[in-house]
Ligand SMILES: Cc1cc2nc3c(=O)[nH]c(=O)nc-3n(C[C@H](O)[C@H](O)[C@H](O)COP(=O)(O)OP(=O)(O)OC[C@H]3O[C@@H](n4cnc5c(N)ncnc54)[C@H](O)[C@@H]3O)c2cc1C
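To begin, one chain is listed below as structure tokens, in the form predicted alone.
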Amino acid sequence: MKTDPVLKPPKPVIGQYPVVEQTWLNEAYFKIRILADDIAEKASPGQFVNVRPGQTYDPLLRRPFSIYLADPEEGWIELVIKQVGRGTELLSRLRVGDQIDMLGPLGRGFDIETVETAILAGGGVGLAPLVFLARELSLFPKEIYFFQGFQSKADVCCLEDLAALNIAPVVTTDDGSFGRKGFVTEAVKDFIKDRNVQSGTELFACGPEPMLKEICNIVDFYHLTGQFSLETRMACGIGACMGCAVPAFDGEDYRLVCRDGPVFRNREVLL
């Protein structure tokens, strides 16, 4: 397997870190704040941490989670997690004062150097890296539009954190129980069409694969540029096990999501 050379991210650290806040956002999503100054000072939007779910080797593999927010001055990071299986169920039991085993920050994050207008689109827990990204973008004179899709009203969360950034997201739900009914991709497409969005606008997306494929189609159709954060299973998080390989766009090579991503530009990998 061949991969192109990529810029090396900051060297990750590993350790035991104390949980300082744990909050349930709804019945499925919870947020953990962890005191981890050495990770917080290096983290950038789109990067992730690899977390050991429990104090034993059952389950064996670490779980990857996007960094939701980081504060290098206060020395903490936050994770927003959806409880979907045994690993996340164990993490949901963490309480203030408990220790959590983390490796991070890992991976390549979003590139915001040349962005003037940003459209952010998240699906479900895919909102996690986008809130961090929105906060960093808000530090500069850039236009930011945020779209977030959930299955239903019961999943809707984190709107208050966006409100604190003076961002009013367009929220969609599959069943129409909150916000606009339908997929978030439809809301993004209508916005681009109605506003006659031109090239120079960058689309950032994170969510399930079908959503990313549709966002990629939108980017191509309207001749925009895009960056996509992929959600895949990762074992090691550092490119050693090669368990997260995805086909490159040319179909003849591979990229490792944990090391070369998780953020890729459009036409960099095959979605």
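The first residue of the sequence shown is number 1, and the count goes up from there. Please read all numbers here as calculations on a predicted model, not as lab measurements.
This next part talks about the form predicted together with the ligand, which is not shown.
Considering 164, 168, 84, 139, which brings a non-hydrogen atom within 4.5 Å of the ligand in the model of the complex?
For this set of options, the contacting one is 84.
Is the ligand in the model of the complex close enough to 66, 80 and 230 that every residue in that trio has a heavy atom within 4.5 angstroms of it?
Yes, all three are in contact.
Considering the ligand in the model of the complex, find the one stretch among 125-133, 174-182, 93-101, 141-149 with heavy atoms no farther than 4.5 Å from it.
In short, 125-133.
At 4.5 Å between heavy atoms, is residue 36 in contact with the ligand in the model of the complex?
Answer no; every heavy atom of residue 36 is more than 4.5 Å from the ligand in the model of the complex.
Does residue 88 reach the ligand in the model of the complex if we count a contact as any heavy atom within 4.5 Å?
Yes - in the model of the complex, heavy atoms of residue 88 and the ligand come within 4.5 Å of each other.
Under a 4.5 Å heavy atom criterion, is residue 204 part of the interface with the ligand in the model of the complex?
Residue 204: no, not in contact with the ligand in the model of the complex.
Do residue 234 and the ligand share at least one heavy atom pair within 4.5 Å in the model of the complex?
Judged by the heavy-atom cut-off of 4.5 Å, residue 234 is in contact with the ligand in the model of the complex.
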